[in-house]
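Before any questions on how it binds or moves, here is one chain, the form predicted on its own, in structure tokens.
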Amino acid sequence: MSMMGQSISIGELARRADCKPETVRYYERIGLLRDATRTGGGQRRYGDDAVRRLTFIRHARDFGFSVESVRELLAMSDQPDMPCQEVDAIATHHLKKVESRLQRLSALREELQRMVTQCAGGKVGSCRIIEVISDHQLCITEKSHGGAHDLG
């Protein structure tokens, strides 16, 4: 590739993809972003392909795809004549996980609203919020809300 196609710095690449240079280095380290060419002085230089690839990675991560799913999607995007069944399968699997998370978040929200509504605003010793957090059996949606730590 000519230097014309390798004309931007890591800072400019990060700016165009709305991330930090350390994020660019991280994606290089884990193999999602190809290693940059280097100038004689050792500075990384990137071309338009790196901008497109990093933008793809960032957008896929914004959608909540795992790093491994992004890796698979990138590999498939490098094969434009390949049928998209595998891409559909990855997206469908991710959608099911998102829908499950949304159901748990909805149940969690309802439980939190109920706790806040039942709190009389008195003393901590008789606080309904503390009582419910202390005893999971007091939750109406005991099993379905799971908890925020289960939402990832």
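Keep in mind that this is a model prediction, so the values were computed, not measured. For every residue, the number given is its place in the sequence shown, counted from 1.
Separately, the form predicted in complex with the DNA exists; it is not shown, and the next lines address it.
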Partner contact for residue 39 in the predicted complex: the DNA, 4.5 angstroms, heavy atom: yes
Residue contact check: residue 12 to the DNA in the predicted complex, 4.5 Å heavy atom: yes
Non-hydrogen atom contact residue 67 with the DNA in the predicted complex at 4.5 angstroms: yes
Residue 103, heavy atom within 4.5 angstroms of the DNA in the predicted complex: no
Check all three, 114, 131 and 134, heavy atom within 4.5 Å of the DNA in the predicted complex: no
Among 26-34, 47-55, 117-125, 94-102, the region lying within 4.5 Å of the DNA in the predicted complex by heavy atom distance: 26-34
Members of 69-107 lying within 4.5 angstroms of the DNA, judged by heavy atom, in the predicted complex: none
